[in-house]
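As a starting point, one isolated chain is supplied in structure tokens, in the form predicted alone.
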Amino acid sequence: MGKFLAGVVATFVVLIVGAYAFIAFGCMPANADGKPPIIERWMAHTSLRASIQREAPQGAVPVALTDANLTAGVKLYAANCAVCHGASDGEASNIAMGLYQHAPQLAKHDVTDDPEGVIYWKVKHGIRLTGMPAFSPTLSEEQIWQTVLFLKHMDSLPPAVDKVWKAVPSAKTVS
């Protein structure tokens, strides 16, 4: 039994030293344009799903679905999000093209089918190992929820709000 236990401990030590060497010698890509290892992608996605499931708020949105709040959400999106997630034309900016992981262009790949609590969690807390920042230090709770309202309803905006959305300047890539 003692030899078996020693073998388990030795295997564990070799794995830890090997993982450290893999990282310390630069074998794990650190560049934003490099392909991440499968284990990194699995860890990031698994952790994100579990965190959102555990922490995203449930229930009703505490901000009313009004034209004023939707318009405020469009303006907040334009000031804070459009550079990475695009304007209504769905064109990616140079910044968005260089991000790892690529930011979804929300005019093309919207989040209208996501629960409001999930959208809120992502805006408030950001997403580690991506370019998605946490907006809790810079936006109020009301502003975060206004942004959520816009994102949740961006495919069915009232005409006056849609006009404001269509006026958000595009950040088309330079040819």
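Throughout, we count residues from 1 along the sequence that is shown. On a predicted model such as this, the values are computed, not experimentally measured, just so you know.
Absent from the display: the form predicted together with heme C (HEC). The rest refers to it.
- Looking at G131, you'd find a heavy atom of it within 4.5 angstroms of heme C (HEC) in the predicted bound form.
- Using a 4.5 angstroms limit between non-hydrogen atoms, A72 is distant from heme C (HEC) in the predicted bound form.
- Looking at N94, you'd find every heavy atom of it more than 4.5 angstroms from heme C (HEC) in the predicted bound form.
- The shortest heavy atom separation between L149 and heme C (HEC) in the predicted bound form exceeds 4.5 Å.
- The contact residue chosen from A107, V63, A56, I127 relative to heme C (HEC) in the predicted bound form is I127, the criterion being a non-hydrogen atom within 4.5 angstroms.
- Every member of the trio C81, D114 and I119 reaches heme C (HEC) in the predicted bound form with some non-hydrogen atom inside 4.5 Å.
- Counting a residue when any of its non-hydrogen atoms is within 4.5 Å of heme C (HEC) in the predicted bound form, there are no hits in 1-34.
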